[in-house]
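Next comes just one chain, in structure tokens: the form predicted alone.
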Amino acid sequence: MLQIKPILAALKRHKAGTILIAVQIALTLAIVCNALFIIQQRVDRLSRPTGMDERNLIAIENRWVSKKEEDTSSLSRTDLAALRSMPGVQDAIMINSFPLRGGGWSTGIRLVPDEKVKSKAQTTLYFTDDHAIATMGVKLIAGRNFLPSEITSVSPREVKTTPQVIVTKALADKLFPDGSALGKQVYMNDSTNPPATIIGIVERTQVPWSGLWANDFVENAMFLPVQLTGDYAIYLIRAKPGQQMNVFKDAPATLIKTDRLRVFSSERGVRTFEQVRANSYSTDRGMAILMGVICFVLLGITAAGIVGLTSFWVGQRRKQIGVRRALGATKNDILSYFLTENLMISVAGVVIGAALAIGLNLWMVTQFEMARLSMIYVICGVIALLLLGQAAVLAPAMRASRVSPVEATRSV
């Protein structure tokens, strides 16, 4: 049987403790809801597919030493011929960047040659050759691949556009939502450049960046049939199934044999794609772990606070409990009294906490461009905090219910 009036009267006599526990529950709910929401977002990003055959890919980055820029085109062709002839290699390309690498090129795409018109979409640019689809393992779902005759070598300072481009389905849908993008013309960079014709569409390829700022165009990618010259070269190698580690060990030596005047970076020199993915999402993984620890600690502190305060109140009220037991109150009456009392405090806390959770999220949306908090997190958080509160108060409440009426009346 609920005894609301006596409970309210008791809470009024212990305002400080009641307010502290309610505030603690409110803050815990607000922080835990947003922390779990951030964890879920980070976990979703960790498992986001790149569209490539990641299990068999190896990335190598090297810098030429004492080489003229005009010589690097032939050097990269020699490297690619050597890599493609290695045992266990399915194909290889030179490319300016690749998904999750962490750096690359991006530009706005227009449908008309007018710089006053806002770009229709933002996209990353991958400069590569006709082996890109086979090497990366992306799926061509419409149109055709580049022809060898369409590949050109251009300095990064002079590259503008190309007559043919291949785009991802996400970019094609963004540019031409009402129909097929195949055969359509698009414009990039300034309006003086000629248009590029979309000759192929691939299913999915991710941009090089994993940050939140790239979420709006994460699968917008455009391939151009260009081999960039310069002293820095990035190779992607696709090994045959089961040969990745053998190729990983032998590929640097193969490149050294073609020319020794090169340096492999200590951080990005030779990596499997598993290492690329782990490095790209290290911040997200760390943030998810940190948020998880914070949630665990906050819930633990809140539970400990409820246990401590209820135990203190039980100790203070032993005389009152004994009187009630002597007047006929059962153990269940005492137990339900403390459970109800804690439930009332918890309800007040979660109501305030729900408002705080939504307010905190709205502030982060405006300050950090975060997504809006789903109400599912707030509802689940409210239920979890109420259950946690009831579980925490159960032990001291049961201890109170075992107070002997005889022992209590003796103390009167």
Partner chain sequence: MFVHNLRLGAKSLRRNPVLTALMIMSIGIGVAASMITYAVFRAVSGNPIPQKSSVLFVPQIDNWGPTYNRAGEPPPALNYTDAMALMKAKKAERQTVFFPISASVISTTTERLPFKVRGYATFGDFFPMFEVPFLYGSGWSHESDDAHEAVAVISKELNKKLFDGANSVGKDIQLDDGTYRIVGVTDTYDPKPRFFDMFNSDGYTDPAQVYVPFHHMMDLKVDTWGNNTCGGGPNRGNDYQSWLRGECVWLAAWVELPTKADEDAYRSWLRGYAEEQQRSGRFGWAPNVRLRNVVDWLDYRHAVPPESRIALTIAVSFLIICLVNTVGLLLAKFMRRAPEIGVRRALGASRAEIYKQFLAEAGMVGLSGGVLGLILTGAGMFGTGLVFGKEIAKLAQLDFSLVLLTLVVAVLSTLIAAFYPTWRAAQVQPAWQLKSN
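Residue numbers count along the first chain shown, from 1. Note that the structure is a prediction, hence the values are computed from the model and not measured. Definition used throughout: the rigid core is the maximal C-alpha set that superposes within 1.5 Å between two forms.
From this point on, the text means the form predicted in complex with its partner chain, which you will not see here.
Among the residues L140, A326, L147, I301, the one placing a heavy atom within 4.5 Å of its partner chain in the predicted bound form is I301. Note on the partner interface in the predicted bound form: the residue among G308, P194, G269, G242 having a heavy atom within 4.5 angstroms of its partner chain is G308. Between 218-226, 277-285, 81-89, 247-255, the stretch whose residues reach within 4.5 angstroms of its partner chain in the predicted bound form through a non-hydrogen atom is 277-285. Interface residue remark: R372 is not counted as part of the site for its partner chain in the predicted bound form, having no heavy atom within 4.5 Å. Among heavy atoms of V65, some come within 4.5 Å of its partner chain in the predicted bound form. By the criterion of a heavy atom within 4.5 Å, S401 is excluded from the residues contacting its partner chain in the predicted bound form. Its partner chain is not shown here, and in the predicted bound form it never comes within 4.5 Å of any heavy atom of R77. Along 9-23, a non-hydrogen atom within 4.5 Å of its partner chain in the predicted bound form is carried by A16, G17, L20, V23, in order along the sequence.
The Cα shift for E369 between the shown form and the other one, taken after rigid core superposition, is 2 angstroms or larger.
Taking 2 Å as the criterion, G88 does not count as shifted between the shown form and the other one: its C-alpha moves by less than this amount when the rigid core is aligned.
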